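Shown here is one chain on its own, the form predicted on its own, set out as structure tokens.
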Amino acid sequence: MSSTASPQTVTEDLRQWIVAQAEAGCRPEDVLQAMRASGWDEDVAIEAMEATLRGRLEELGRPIPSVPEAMPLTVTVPVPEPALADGATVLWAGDREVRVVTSMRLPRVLVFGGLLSDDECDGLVALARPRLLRSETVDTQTGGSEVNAARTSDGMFFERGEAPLIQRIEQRIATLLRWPLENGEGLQVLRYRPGAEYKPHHDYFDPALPGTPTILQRGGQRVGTLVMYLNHPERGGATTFPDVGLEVAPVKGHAVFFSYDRAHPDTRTLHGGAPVLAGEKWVATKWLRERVFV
């Protein structure tokens, strides 16, 4: 049957959206229904889904199913991971040894001891202090940023490699986690005063929200988080993982790392910063992306 309707063009934004749905674990039929509800012709939508996911699997070096209907919609991605295959409890991070204090598989959580020296912790605090502002979060509705009541801290971002101390720490992280330095966002330093907290949340960008495609243009999805503790709060301030009942105490120089191979709650990486009950808590956070972060 012929049609007088204008041909529908599969844009890069649409392909990114399809991949995001796949990596979030959405069912193919639900994605197809959403595309049809947005006005896409069913044949065009099916062809776009198959071509996009085939390209994604090729990009990841995954085998391509011979039957189109077998094309999986859920696609996991490579994530940062230290060299722990031999059960190592001490890792070489390029310029210092780092201890493995805790290791979990689901969620993938590692606690590192001695990632930073006391002098490095104090140096980060000194560099960050004059530039602190009320912390913002990424606004996944628009792709921008906003002040969020769930995050009651002060913070700032360093540009990647902007100072020798930053360069040294970033290279150490890249070596330890075996992830390209250029795939990391700039370090963020946060200060939590008494009563301040960060309520449980996920660090990946929700594929269902309209601002996510814009955010992903800068380096793809987040795939890992490293939180480094820059001081010892007197009481409180643990990093919590509510889905598994894990609490990581903030110990100066230690760090907690967790990864997520898809943007979906079943990674069990829901986490938060418990309220500081006495004193202050200072942390430096490094988010790792799929691709080069620009």
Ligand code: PD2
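All residue numbers refer to positions in the sequence shown, first residue = 1. Predicted model, so just to flag it, every value in this text is computed and none were measured.
Although not depicted, the form predicted in complex with pyridine-2,4-dicarboxylic acid (PD2) is the subject of the following passage.
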{"item": "Listed range touching pyridine-2,4-dicarboxylic acid (PD2), judged in the model of the complex by heavy atoms within 4.5 Å, from 77-85, 199-207, 176-184, 120-128", "value": "199-207"}
{"item": "Heavy atom distance at most 4.5 Å to pyridine-2,4-dicarboxylic acid (PD2) in the model of the complex, all of 15, 21 and 35", "value": "no"}
{"item": "Heavy atom of residue 259 within 4.5 Å of pyridine-2,4-dicarboxylic acid (PD2) in the model of the complex", "value": "no"}
{"item": "is_contact(residue 287, pyridine-2,4-dicarboxylic acid (PD2)) in the model of the complex, heavy atom dist at most 4.5 Å", "value": "yes"}
{"item": "Contact flag, residue 272 vs pyridine-2,4-dicarboxylic acid (PD2) in the model of the complex, heavy atom cut 4.5 Å", "value": "yes"}
{"item": "Exercise: residue 192 in contact with pyridine-2,4-dicarboxylic acid (PD2) in the model of the complex, heavy atom 4.5 Å", "value": "yes"}
{"item": "Residue (of 230, 227, 263, 48) lying close to pyridine-2,4-dicarboxylic acid (PD2) in the model of the complex, criterion heavy atoms within 4.5 Å", "value": "227"}
